[in-house]
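Take a look at this single chain in structure tokens; it is the form predicted on its own.
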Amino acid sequence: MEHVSFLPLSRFAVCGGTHGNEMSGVYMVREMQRQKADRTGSVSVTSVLSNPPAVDACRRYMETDLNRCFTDALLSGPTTDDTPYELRRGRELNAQLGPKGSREAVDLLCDIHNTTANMAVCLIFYSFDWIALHIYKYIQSKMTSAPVRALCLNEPPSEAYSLESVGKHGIAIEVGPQPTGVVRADIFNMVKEAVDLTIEWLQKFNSGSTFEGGEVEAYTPVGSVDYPRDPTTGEITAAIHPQLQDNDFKVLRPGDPVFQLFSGETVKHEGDDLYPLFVNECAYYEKKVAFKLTKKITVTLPSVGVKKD
């Protein structure tokens, strides 16, 4: 593939607390603000606590999921007395860090999340963003404390719904397992290392380094699976099977157990070989998602570097 050049990436935003009970990002942002870490070499760093009321209440959100508020339609809609807090806050963040899709938007926005699923470090981004993919490749090559994987979402920019889509380039860092409302040192350290390596990559990029192309593995979503439910009450009638629990990113083949009914029977996977993510994620019970299904892909990257004058 040909070489691709980009303008310098000098404005970097780090956000945490988009979900107020995911504590690694909350404490990462607070520590950055305490240290007044607003510049590292060629990189200007903005740290933002995304949803302060939810952080104070140690809740995922107050009225609606802030991390679903960043589509073009939601950002451009009218604000009234009935507009949920998170949607109003989303528009504030878009004005501060964007506007989304504009020249004024920050060059790279990193939003930190935790999952209760056993996903280690998973970088999430939209489509095939060469900058995000190269940062993923770099972090994966440098980080030895945990596996590093990537999830590429399929939505076009106008339909991209999460906070990182506000930046010119965006990455969500999803790290777990960590219970909601809890901070674990090992998980926090993974987050800090990923953020530090991202800043290191940006500095090298801005200084004129060329990052060679190559192949990386990533995952793309193909659907999600709900828990078995009582057809009358809607209550779940099973839990994730012990053989699937904590086995995110491990191939799921036809006939493999996925649920254990409370009455004792086993429900097995039907269909193609696929890879489960967000297995038994606490926050997804309300979304009627027991786990997401993905397929593994190989992406060929071009080399990238900064545009010369």
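Quick note: we count residues from 1 along the sequence shown, nothing fancier. Here the structure is a predicted model, which is why all the values come from computation and not from measurement.
There is also a form predicted together with a further copy of the same chain; it is not shown, and the following applies to it.
When a further copy of the same chain is considered in the predicted bound form, Glu235 lines it closely, a heavy atom lying within 4.5 Å.
Thr266 falls outside the set of residues with a heavy atom inside 4.5 Å of a further copy of the same chain in the predicted bound form. Mapping the unseen interface onto this chain, Thr180 counts among the residues with a heavy atom inside 4.5 Å of a further copy of the same chain in the predicted bound form. Using a 4.5 angstroms threshold between heavy atoms, Arg68 stays clear of a further copy of the same chain in the predicted bound form. Comment: a further copy of the same chain is not present in this chain, but in the predicted bound form one of Val48, Ile240, Ala54, Leu252 has a heavy atom within 4.5 Å of it, namely Ile240. Partner contacts here mean any heavy atom within 4.5 Å of a further copy of the same chain in the predicted bound form, and among 181 to 189, 73 to 81, 147 to 155, 92 to 100 they occur only in 181 to 189. Residues from 265 to 292 that approach a further copy of the same chain in the predicted bound form with a non-hydrogen atom closer than or equal to 4.5 Å are Asn280, Cys282, Tyr285, in the order they occur in the chain.
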